[in-house]
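Here are two versions of the same chain, shown separately as C-alpha cells and labelled structure 1 and structure 2.
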Structure 1
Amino acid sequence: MNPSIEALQAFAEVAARGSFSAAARALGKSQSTLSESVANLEIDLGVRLFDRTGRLPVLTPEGVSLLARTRQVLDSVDVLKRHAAELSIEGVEPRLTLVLSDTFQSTSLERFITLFAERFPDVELEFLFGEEDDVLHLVDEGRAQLGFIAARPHYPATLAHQRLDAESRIGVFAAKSHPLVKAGVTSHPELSRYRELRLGTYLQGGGAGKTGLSWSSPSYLMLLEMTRIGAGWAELPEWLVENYGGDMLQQLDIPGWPRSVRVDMVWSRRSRPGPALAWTLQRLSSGGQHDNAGDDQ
C-alpha cells in the first residue's frame, strides 16, 4: 500500500512536536487515530520510525533519514495544490489576510498591492503585523492565510514555507543621547548594564526566560520609539531605523552585529489555497519579476 499524505503529515507532525498527543491536537485528530496512522505508515514503509520505549517518541535513525524525504513530499504536494488553485476560475476567497513582520522589507510589496487590486478587485485584502511565534499561531489557527517571518530551520508539519530572496539586517541601536553611546560601549557585558528593549511575542510573554533589566513589546516599531526616547537599547531592523529613526539613533559596534536575517513565507497545509492566495504566493516568491497583471493570467 502506498503511504497516504495524511500519514506522512502525521509522521512529520509527531517529529516536529515531539509527542503524539501534541501532534494530534495540532492536526485536530484523536491521539489513537494519529498513532494508528503512524503505525500503518511504518508497516507500509517497512521500517520503524520512532522508538516508543521512553515516555516520549524518539526518531530512529531510519526515521531521521525519512523525515527529510517526507517533508519534500509534503512540499511537492503543496506546489501541486497551488498550481491547481492558480488554474481555478471559481471559488475566489472573499478575504485574504497577510501577517507582515518588520524583518520583511519587500520592494515589490507596493507593486503587489497594485496588481492584486487589478486581479482581485472584489477580494478584501487585510494586513496584520506580528513577529516570531505570533505569526505562526495566526496562520496555523486560520486567522491569516499567509505570514512572513524571520527564517527558522523547522516549522510545524501543518505549515508550508518558502524562502524569499528578501534579506534583512538587524543591528543594535541606542539613542545618540543614551549614556552607553557616550561611553562608547562595544561589548555584550557592557550592554548588560543597561536596559534592553527586547522583542516579546504575545504567545511567549515579554521577558519569559530572560535575565537582566528589560522592557518588551511585540512590535519593532514600539521598540524603536522607546529607543528613540532613550529608554534603552534594542536589536532593530536597519531599514526600519533608516525610515523611521529620525536620525536620532546610533548603531553600536558590537561583535557579531549587524546580522543578516532571511525571510520565509508560511501558510497552512490544512486546506487547498484559494486562487487569491495561490496567485499571491507565486507573485511574492518570484520577487515581483512580472510587471504586467496579464503575465499571471
Structure 2
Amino acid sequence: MNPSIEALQAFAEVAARGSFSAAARALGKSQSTLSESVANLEIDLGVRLFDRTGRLPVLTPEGVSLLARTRQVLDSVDVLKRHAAELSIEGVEPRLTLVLSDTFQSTSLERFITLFAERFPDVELEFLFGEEDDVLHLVDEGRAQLGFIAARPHYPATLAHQRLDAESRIGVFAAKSHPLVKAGVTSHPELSRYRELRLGTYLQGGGAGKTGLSWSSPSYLMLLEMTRIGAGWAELPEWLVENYGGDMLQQLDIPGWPRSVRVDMVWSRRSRPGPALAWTLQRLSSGGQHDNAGDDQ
C-alpha cells in the first residue's frame, strides 16, 4: 500500500509545527483529519512516528529519520507540480534545441546559458552543431527551435531571422609549415592550386561544385584540426583560431580577406515561439549586455 501524499504532507506539517491542531490550521483541514491521517500513515509504514504521551506530539527517533525521507518525497512532488504548471499554464516548452555555429562566438554563449538556467531551470537545453544549410534545415523541420548561421541575404519564407550585434571575422589560414606559406601565396587563383578544407553540410551529398581538390567537414573545429596538421588551407573564424589554433596557423594575406561576417538567428515562423524561445530571442537580439532594453513580453 502506498502512503498518500496528503498523509505525508500532514506528517511533515505536524512535525514542523509540533501540533496536530496548528498543522491542521496551516493546511486548511480539520484536526481530526490530520490526526487520522497521521495515524493511518503510522499503520501503513508500521512505524510509530510521534510520541503522544505528552500534551503535544513529539517525534520519535524513527520519526526523525523518516521525516527526512518524507521531505525528499514532498520536495520532488513540488518540483513535478511546478514543472507541470509551467508547461500547462505558461506554455513553456519542455525543451529548447539550439543549432550552434562555430561562426557564433561561444563566449557570449556562456552568459546566456547561466541566465537561461536561472530563468528556466526546468527546460531541457539541447545543443546541436551545424553550419550553413544544415542550420536552416534543422530549424525548418522542427528538430531545432533556434539556429545560428553566417548571415545571408535571403532565407526561406518559413523562417524568421534576426541579425545579431556581434560580428565574426573569417580569415584564410594554413599551417605555418605548409608549402603555400613559404611560397608566399597572395591571391585566390594561386590558392586554388592547393587543397581547400571547406565546410560541407550534411544536406548536400558529396560536395556539389567544388570537388576533387577540396576536402570537407561539417565542423569548423575539425577543419581547424586538419589545417593544423597541414592538410590544406581553410576559411576559419579568427576567434576559433585564437582560442584553439595554438601558434601553428598562419593567416594568409589574400585580397578581400579577412571578411567580416554577421551572424543571424533563425527560427521557424510555423508556430509562435514559446516563452523560453521568446525570452532567448529577446536576450540575444538586444546584445545581451544591456538588460534594460525595454523587453517585456
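We call the rigid core the largest set of C-alpha positions that still match within 1.5 Å between the two forms. All residue numbers here refer to structure 1's sequence, counted from 1. What you see is a predicted model, and the numbers here were worked out from it, not measured in a lab.
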In this pair the form predicted in complex with the DNA turns out to be structure 2
Could you tell me whether the Cα atom of Leu277 shifts by at least 2 Å between structures 1 and 2 after core superposition?
-> no
Cα of Gln72 displaced 2 Å or more between structures 1 and 2, core superposed?
-> yes
Core superposition result - C-alpha of Glu62, shift between structures 1 and 2, Å = 82.1
